[in-house]
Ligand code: NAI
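Read the single chain below, which is given as structure tokens and is the form predicted alone.
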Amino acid sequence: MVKKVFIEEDGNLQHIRDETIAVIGYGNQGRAQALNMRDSGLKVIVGNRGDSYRKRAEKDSFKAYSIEEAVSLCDILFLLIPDEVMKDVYESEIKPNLKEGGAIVFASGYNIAFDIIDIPKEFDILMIAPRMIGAGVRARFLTKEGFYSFIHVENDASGKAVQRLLALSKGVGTLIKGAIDVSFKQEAVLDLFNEQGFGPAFGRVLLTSIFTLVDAGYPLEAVLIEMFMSEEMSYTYRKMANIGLVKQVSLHSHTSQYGAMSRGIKFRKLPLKDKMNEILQNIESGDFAKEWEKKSSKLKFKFLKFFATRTRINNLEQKARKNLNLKSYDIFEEEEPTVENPEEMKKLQDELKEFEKFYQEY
């Protein structure tokens, strides 16, 4: 793929019109992409375990099968199940049923980039990774706005992998906006760095700002509304995307612009670059992927989620939401995890104490 940016005219649905596409996993992304491709006139079936997601697929008038059956019936396979369970599902339910000459499409570069799954070379290995949540993938297809995606051909066994990839990208609806060719490794690193480098740094700045104002005596509800609950921040982000990071500044008052520009220099030496480079190297080297694959990390994750629900900011926000008569959500409520293996718990104790102390500060 010599080109790097692809648009609607680059995809031709005729290249895959006669092929059967199986979407494995009918969650947020699976449902959105399956509906989009069907509306584009493509032949789509669904593979899912016999649960509520499979019933939802049947309700949406898809032919829904077990994962094994769907794999055996398709020419093109979309793997839209969570990264952390994909290896086990692939080995037990997908690999034994793959049809020769087929294509496997990933929505994330993670499992290929870090050698967690090994796909035989006789298959096309493709990636269509939307930079949009499932609901947005569907909504922006229906409104014809489109959404950005990262796409790539990792392996071209059929000799027509590029044609397949661009046709599928068109069917999903991403070429309306634009698809950018990046490698599986680049996609995975960009995604993980956004989550591990930018996200925590931004969160720290936001929380420090909130506590500075609350501790100075400003009303809790007013502080949270000013900092994020008004949705002004999300509006500003949309304008950054639409007209540019610098140009959107002109939408704010002169007082706002002067204050931000003149005081911005005070933060120029924040010690962020070294820490972000450290995080980037940890991701690029595959060390993070190795860590996440450990069973102990899954246990640690449960404790981290539990600690997060006991943070100062969560308690303050719940109080503010109650005072503002806003709906209360318990989606993040966690019961304290239990550990059956004492030796495993002992290994985690010191690290968890550090996490618990950190979360108590916030």
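Every value quoted in this text rests on a predicted model; they were computed, and no experiment measured them. Start at 1 and count along the sequence shown; that's the residue number.
From this point on, the text means the form predicted together with this ligand, which you will not see here.
- Considering this ligand in the model of the complex, the lone stretch of 103 to 111, 274 to 282, 219 to 227, 261 to 269 in range is 103 to 111 [heavy atom distance within 4.5 Å].
- The shortest heavy atom separation between residue 81 and this ligand in the model of the complex is within 4.5 Å.
- When this ligand is considered in the model of the complex, residue 67 lines it closely, a heavy atom lying within 4.5 Å.
- For the chain shown alone, residue 28 is a contact residue for this ligand in the model of the complex, at least one non-hydrogen atom being within 4.5 angstroms.
- Although the partner is absent here, residue 53 sits close enough that one of its heavy atoms falls within 4.5 Å of this ligand in the model of the complex.
- A heavy atom within 4.5 Å of this ligand in the model of the complex is found for exactly one of 180, 176, 132, 201: 132.
- None of 210, 86, 127, 71 but one reaches within 4.5 angstroms of this ligand in the model of the complex through a heavy atom, and that residue is 86.
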